[in-house]
Ligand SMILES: Cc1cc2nc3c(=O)[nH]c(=O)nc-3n(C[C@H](O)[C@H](O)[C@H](O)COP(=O)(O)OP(=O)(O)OC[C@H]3O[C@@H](n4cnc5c(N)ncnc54)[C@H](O)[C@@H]3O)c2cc1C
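As a starting point, one isolated chain is supplied in structure tokens, in the form predicted on its own.
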Amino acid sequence: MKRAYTTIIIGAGASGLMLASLLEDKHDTLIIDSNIKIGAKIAISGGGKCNLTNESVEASNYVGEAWFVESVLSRFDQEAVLAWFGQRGVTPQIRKDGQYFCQKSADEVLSVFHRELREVDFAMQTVVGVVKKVDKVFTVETDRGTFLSEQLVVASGGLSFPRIGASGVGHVIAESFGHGMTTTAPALVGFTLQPEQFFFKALSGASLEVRITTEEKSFRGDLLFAHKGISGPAVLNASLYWEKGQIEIDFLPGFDWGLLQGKKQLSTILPLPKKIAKAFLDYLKLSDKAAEKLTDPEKAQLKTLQHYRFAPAGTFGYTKAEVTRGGVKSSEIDPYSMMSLREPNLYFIGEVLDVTGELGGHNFQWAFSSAYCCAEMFNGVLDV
């Protein structure tokens, strides 16, 4: 392996692999990653079936500067992603909520990247240390020696999933070149509970459909009770917009209260799994009795299940988070080329930036779109 390259990409994840694949001239490119294999996060995403993108991708699906997100997404949208993979034999299937998954497994995507990147050099199981720039040349010091390049792309991801090599190296590099950072936090992650909600833990393993509302957004989907707290798609999406304070859960979305009559027991009428219904009745200090025997105050108390408010104690943390919210400030990045506005020929793409998407393929879409913008610069399409 030589030591001097035209381009070095730090990170063999979705954004780094897509960028290298899109380069017209790949032979003088090096990808550095701490993992044994490329695409570690791709391999485990979507239950191993890789949720590539979504039928609906808008700037409103992301936390970040809307103008920046929209500019990047518009250049390589979900249709372009599907077409690119389709031309290489991958035809994802659309499933619930407009999500596109590989038909068999994430290996379909990884196989594409392996084929596309035969001309690229890889330094796997290589940990990046100090990065400097001397006389217009970047020096990347690693535990396997020093590599040089004219262009450096940071595609190292965020802090989520440390067990597959996630680290803050991209943020360290950004700060060393004078970039500001938006505060980072685990996102698309479960919530831990306050003592008052500890009764949820007895429901571990049970799930139901709910609507969860934060100060900014509302999501309808499944909630899963877990030993540590609550998880499931609706919770994970809500966590992206939650910082501190209360959330509201509607445990009975769309329930017709006119059905609450007659001799049937409450646990039978309520559209909840019996175990969950009885736990909530116990919490509300209501007996499981015939609906016709409910008093007006008891009915009012039961209706609080549609507006159940509490402040989570916190989240499950980076070890369980699917993504990292926050990162390198997009206001310091050119949205057309992804080049730093502070340091020429230094680029940031993917999750390392302060752009984070909702569940459903939005974060892979961001990785691919930002990689495309960067590739256009390298391929001479742009003159920035």
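All residue numbers refer to positions in the sequence shown, first residue = 1. This is a predicted model, so every value here is computed, not measured.
In what follows, reference is made to the form predicted in complex with this ligand, a form of this protein that is not presented.
Enquirer: In the predicted bound form, does residue 15 come within 4.5 Å of this ligand, counting heavy atoms only?
Expert: Residue 15: yes, in contact with this ligand in the predicted bound form.
Enquirer: Is residue 317 close enough to touch this ligand in the predicted bound form, meaning at least one heavy atom pair within 4.5 Å?
Expert: So residue 317 does not count as contacting this ligand.
Enquirer: So, residue 165 and this ligand: in the predicted bound form, are they within 4.5 Å at any heavy atom pair?
Expert: Taking the distances in the predicted bound form, the answer for residue 165 is yes, it comes within 4.5 Å of this ligand.
Enquirer: With the partner left out here, check for me: in the predicted bound form, does some heavy atom of residue 57 sit within 4.5 Å of this ligand?
Expert: No, no contact at 4.5 Å.
Enquirer: Of these, 94, 127, 284, 290, which has a heavy atom no more than 4.5 Å from this ligand in the predicted bound form?
Expert: That would be 127.
Enquirer: Kindly indicate whether 64, 70 and 335 are, all three, within 4.5 angstroms of this ligand in the predicted bound form, using heavy atoms.
Expert: The answer is no; none of 64, 70 and 335 reaches this ligand.
Enquirer: Counting any heavy atom within 4.5 Å as contact, can you tell me which stretch out of 152-160, 107-115, 211-219, 265-273 lines this ligand in the predicted bound form?
Expert: Single hit among the candidates: 152-160.
Enquirer: Can you list, in sequence order, the residues from 15-35 that come within 4.5 Å of this ligand in the predicted bound form, counting heavy atoms only?
Expert: Result: 15, 16, 32, 33, 34, 35.
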